[in-house]
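Same chain, two versions here, written out as structure tokens and called structure 1 and structure 2.
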Structure 1
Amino acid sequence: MSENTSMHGFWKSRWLFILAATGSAVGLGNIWKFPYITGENGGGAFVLVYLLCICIIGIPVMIAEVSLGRMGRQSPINTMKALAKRSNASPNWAIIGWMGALAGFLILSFYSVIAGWALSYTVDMANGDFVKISAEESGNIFGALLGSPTQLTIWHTVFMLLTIGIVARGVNAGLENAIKFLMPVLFILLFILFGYALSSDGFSQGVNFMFSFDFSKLTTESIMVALGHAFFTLSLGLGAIMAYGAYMPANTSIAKTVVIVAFLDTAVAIMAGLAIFPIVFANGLEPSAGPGLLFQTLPIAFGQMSAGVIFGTLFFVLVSFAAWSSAISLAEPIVAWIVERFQVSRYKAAAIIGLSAWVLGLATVFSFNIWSDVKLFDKTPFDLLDFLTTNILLPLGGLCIAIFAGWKVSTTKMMDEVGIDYPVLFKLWLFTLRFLAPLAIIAVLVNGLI
């Protein structure tokens, strides 16, 4: 296993890595996207396909990405440079690190704006602004938020400061301490909301919706959505997991640890659905309401419920915490590289990245209002950033990771690193990484471009 050390420090335990990696994976995608894409694609049959996709793409590629990170013990950019040299491969493989760092930086810029919506809604919900509200009034509140550059900029600024403030403090004082607080609170909030949903009139309907297997509703597009979400939900191809892997203790089994992370990430997504859908059904609302489910449909439901102000506020705190834990991991790869490359303090590196991402984030802020008519390739600045990262950089990064780990790194080194004790299981993982995962990622890439 890796003998070299990281200048940035190490996770103090395996469980801290698990919490950190789960925090990176659990974001708006689990609590916002998973419930509504499940709703749009027919419920339980989609969940089953999604779980199969996690096994085919998610776990094998995540094992590879963490392994590369631990082998290199540096930022993803410098890790890939070093590993390409050690493996006698082309130095061009360093592009994996660059793509990941760039994707993370670009996503951080607009993720901060979207997460700012959750912060805004936390305050609005606590103020009782959604009590007995109508669908039209809920839509107007959301529209007013998007239409105000000032409000969006304020919340974008607050969220960016929260994120960079953690990253600046380093692996142990910053990331670890934040994760030790954020993740337990996130799980507690999710259990509280799940418990409330369990007692609601719509719980059986919600369970039926998520777990009734109607394969007639599965289309080719549904399978592509499941493939894509299985890849993106684990933060693959971003460099975040590679950076976190660099801080992983040497005596920890990567394979077993990744399986736990994938399980926790999927459990959060399913529990979020089981917390959300019963509330939606109990209030006679539409489960496949798309992205508006979080910011337009659910506030109506909380506004009609007894103690809705309390549970609605808790829900948006949950969403904010999930976004925060993910955003920290988005900033880490590029901040780590700046520290290594320019020998500056983490505070200075984090400030540079935070300010740069904040400035770029203004393009997303203005995409919803004063620049809404500004189009490049028929897309607003926000849509363009989202398309470039989600449809091109992430799948391309994941594909390159699978190919490099599967074909360029020696099989002996990979076997030693990943910690799969049984040769048959290792061969199955390697076959999946070399053949099945790349084919699935290419399908995601082509589907996204088309």
Structure 2
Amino acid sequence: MSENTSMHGFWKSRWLFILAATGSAVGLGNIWKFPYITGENGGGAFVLVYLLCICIIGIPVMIAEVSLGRMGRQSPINTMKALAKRSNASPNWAIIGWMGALAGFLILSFYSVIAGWALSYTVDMANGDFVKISAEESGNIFGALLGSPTQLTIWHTVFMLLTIGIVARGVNAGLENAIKFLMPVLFILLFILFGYALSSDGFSQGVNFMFSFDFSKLTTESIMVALGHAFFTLSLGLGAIMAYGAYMPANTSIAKTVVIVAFLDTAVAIMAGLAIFPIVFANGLEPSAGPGLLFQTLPIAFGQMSAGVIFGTLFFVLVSFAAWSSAISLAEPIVAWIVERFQVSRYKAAAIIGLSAWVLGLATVFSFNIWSDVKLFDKTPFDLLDFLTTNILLPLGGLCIAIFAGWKVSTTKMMDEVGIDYPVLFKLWLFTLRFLAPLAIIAVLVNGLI
């Protein structure tokens, strides 16, 4: 069983852990990225591969990551140090913590910029800027936002302040309070928008697009995208979920809890897709519009519908809230580590990380305008950060977590911790963690890199 102290505090109940972990998992990944990569990768077949990745790799790795967190009860870096020692494994396993903290920091820097778009769109929507606009005008609005370093920086700053403000206040006064408010509102908004899409003309076309399997559209690249996204959307491989696990009450079953979180995350992604594609089809727009799908395509549709100002505003509030609760979890592992390592207050630690991530975020801001021609491996700084973290660091982190939890920690300790009641299921989980998940991750990583 795990130790029972955490200097950062505990979630007050199992449900608060579920809300917090779901808050971390549900974010831009579900509402912005999932619909557009589904669109780019041809729809149904991609969705199927993604679902398989969630079930076969995502859930087992997530159980392992939360378990390691609860066993260590500290920031991921120190948790991994302590667990490596306790398991007589090489201290180098702490690399999981370091790599994760780095990935979290890098993601936070660009996540804040994209979340800033959502904040900006919330205001524009409420202003009625999109009423009856043409596709061209919508493109112009999006282009003007991306083209303006000042605008992007302002919203990036607002979002970073919101995020860091919460992390600075700690697990109970900050994270827990924010999540108790954000998550219910998020679910209500999602249901309202889903209900709207359900009644729109394009609903069956949307369902068709997401669930008809055309395997000819599937490439090795799209399989890599699906796996990377499974990690990204479940917040795996970088210690965010490990940090949240460290604050989990001792007597709850990790396995059952994780299944609920993964289910909620997947449900939100599917619902977001089912809310977005019908609106896209009903208005004769293209599903494969890429990253602009949410910001360029969807507003045209909101502009055409009656009460579109209200629905459109609600929609971008939803996106902003989802991004907010995820960004908090990106900052938590490294902020917790600074508090432990340097014995400084959380306020100080959060400020340092917030400021540094903000500065790095400017590279993403400039990727869309003054640096749009600055390319390495044919990628802008933003594309490079996204690729490096989502497609390499997260799967690599997941791989190390699977190997460490599967091979290095004693099986009896693991059995005690994960709370899988049936021996057969436990064996199945262990098998997945030891063989299936590592092999799949390696295959996809190697394939993607060559």
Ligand code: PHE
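Everything numeric in this text was worked out from a predicted model, so none of it was measured. Here the rigid core means the biggest group of C-alpha atoms that line up within 1.5 Å when the two forms are laid on top of each other. Residue indices: 1-based, along structure 1.
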Which of the two structures shown, 1 or 2, corresponds to the form predicted alone? 1
With both forms fit on the core, is the shift of the CA atom of Leu376 between structure 1 and structure 2 2 Å or larger? yes
With both forms fitted on the core, check whether the Cα of Asn208 differs by 2 Å or more between structure 1 and structure 2. yes
Is the shift of Cys400 between structure 1 and structure 2 large enough to count as movement, that is, does its C-alpha move by 2 Å or more after the core is superposed? no
Report, to one decimal in Å, how far the Cα of Ala45 moves between structure 1 and structure 2 once the rigid core is superposed. 4.2
Shift of the Cα of Tyr36 between structure 1 and structure 2 with the rigid core overlaid, in Å, rounds to 2.6
